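Before any questions on binding or motion, here is one chain by itself as structure tokens, the form predicted on its own.
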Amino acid sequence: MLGFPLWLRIGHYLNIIFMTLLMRSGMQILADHPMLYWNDDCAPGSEWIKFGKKVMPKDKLWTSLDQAEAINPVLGITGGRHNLGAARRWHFFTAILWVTNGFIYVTLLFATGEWLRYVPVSWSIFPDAWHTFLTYASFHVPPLAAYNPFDPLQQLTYFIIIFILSPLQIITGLGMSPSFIGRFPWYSKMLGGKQAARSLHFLGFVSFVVFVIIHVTLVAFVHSRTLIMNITVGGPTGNWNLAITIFWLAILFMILLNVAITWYTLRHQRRVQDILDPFVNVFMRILGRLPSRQAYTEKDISPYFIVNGPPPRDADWQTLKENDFKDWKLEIGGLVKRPCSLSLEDLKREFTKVEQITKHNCIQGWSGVAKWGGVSVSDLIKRVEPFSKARYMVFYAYDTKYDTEGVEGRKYYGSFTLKEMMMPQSILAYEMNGKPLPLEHGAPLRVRAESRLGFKMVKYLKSIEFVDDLRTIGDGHGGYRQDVQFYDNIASI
């Protein structure tokens, strides 16, 4: 008879905590673009499922931000508020802990022989599991003798959860990383595309939810005393009062932990960002080193490309627009030997035009394929000759952001390391799908950094500054979204 050693009980409990946090943060992330697709174009009406009641108007421009839905404050890890930065941070932090705990758990299973509790060793598991299912379906309970330590149906279910569904969640999670699928396009195709990976990830989440509901129901109504004793004190012959006390204290702690995380995150978002980012960024940077090697074809270009923000209201940009940006100039300075000011004609005349058909991956979850034409940033870097101490390029936009009350806020900006900008598919685009860059997509010039999420790709470019330290720019976190909405700066997943 297999037992319930302490390491197994601890691993089981940690898994419950991590899964709860993953589910809550995952629902918060989904609410920012509450549609799921089997195609990467994300055209309105092509989703296979939609959550929420919003209907996008047909008589005016709407953006991806307009599609975000509120979520029940009990379900969302940040109390249901629109807080994508914090939700992603907790999701990735917890995912690392969940994967680590799972790796240790599985390793100990095989090192101690406890793997037999989950891994079937005979094909008879299938008819036995079916017989057990019929027993439950007829509202009967298998005898305690059928558990070793689980009945056949439970054993088969646990095997699927641990050795099939959990790895699939990791696989599909990677399938949503712009850095990973940009470097390995075959991986995305294997999954059916970025949106298919997102849909499969969601279906995996639903499977976990269904499993938890059934699992808790069985613990409550099927040999509950024995099961609670096993998972708390390690066996059926221990102290029942101690076992039930541990059981309810564990549940209480899990609830209080979730409440505390929500409360603390809402009141100390910057502190949470500063505490968790160094840990999460270790893994973000590993993905971030992967250069994009996308090579989509003309037939892959999305017929519809979602707009992720309205054009600037700024008077300077509006004036430039009226003259088709003929008077626009890109100012480049900072820690460079040869600062310069370049018009659109200068960019087209003095630099070799590059074109690439790539997939845009928005932080909200949507995607779209387009053909971009413009200037390689590496060519621009060579032209201005940065000083050796220059480490970052800061891109400033004409775009001033406004709060929900319409009050004018800060200018939009973003940053990249020089290494990121030296990657082959980092360009400044002045064309989209063979035509001048549309107003709503960043005219006259925008950044394209294909191994990063879309919010990093600054639109409506005004100037570029080479600096040695981002802490002196804005609030010091590398961009408008990072400073104001607490996004991460690497944005590789």
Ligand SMILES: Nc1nc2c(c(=O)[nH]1)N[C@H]1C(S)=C(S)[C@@H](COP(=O)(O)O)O[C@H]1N2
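Numbers follow the displayed sequence, beginning with 1. Keep in mind the model is a prediction, meaning the values are calculated, not measured.
Omitted here: the form predicted in complex with the ligand. The next part is about that form.
**Q** To test your reading of this chain, name the stretch in 233 to 241, 382 to 390, 360 to 368, 198 to 206 whose heavy atoms come within 4.5 Å of the ligand in the model of the complex.
**A** Single hit among the candidates: 360 to 368.
**Q** Using a 4.5 angstroms cut-off on non-hydrogen atoms, would Phe455 count as touching the ligand in the model of the complex?
**A** Phe455: contacts the ligand in the model of the complex.
**Q** Might Leu330 be said to contact the ligand in the model of the complex, defining contact as any heavy atom within 4.5 Å?
**A** Contact check for Leu330: no, nothing within 4.5 Å of the ligand in the model of the complex.
**Q** Is there a heavy atom of Lys459 no more than 4.5 Å from a heavy atom of the ligand in the model of the complex?
**A** Flag for Lys459 set to yes.
**Q** Should Ala397 be classed as touching the ligand in the model of the complex when contacts are defined as heavy atoms within 4.5 Å?
**A** Answer yes; at least one heavy atom of Ala397 falls within 4.5 Å of the ligand in the model of the complex.
**Q** Answer with one of Lys348, Lys401, His268, Lys419: the residue that has a non-hydrogen atom within 4.5 Å of the ligand in the model of the complex.
**A** Spelling it out, the residue with a heavy atom inside the cut-off is Lys401.
**Q** With the ligand left out of view, choose which of Asn308, Thr172, Ser292, Thr132 has a non-hydrogen atom within 4.5 angstroms of it in the model of the complex.
**A** Partner contact (heavy atom, 4.5 Å) among the options: Asn308.
**Q** Looking at the ligand in the model of the complex, which residues in 466 to 493 have at least one heavy atom within 4.5 Å of it?
**A** Residue within 4.5 Å: Arg481 only.
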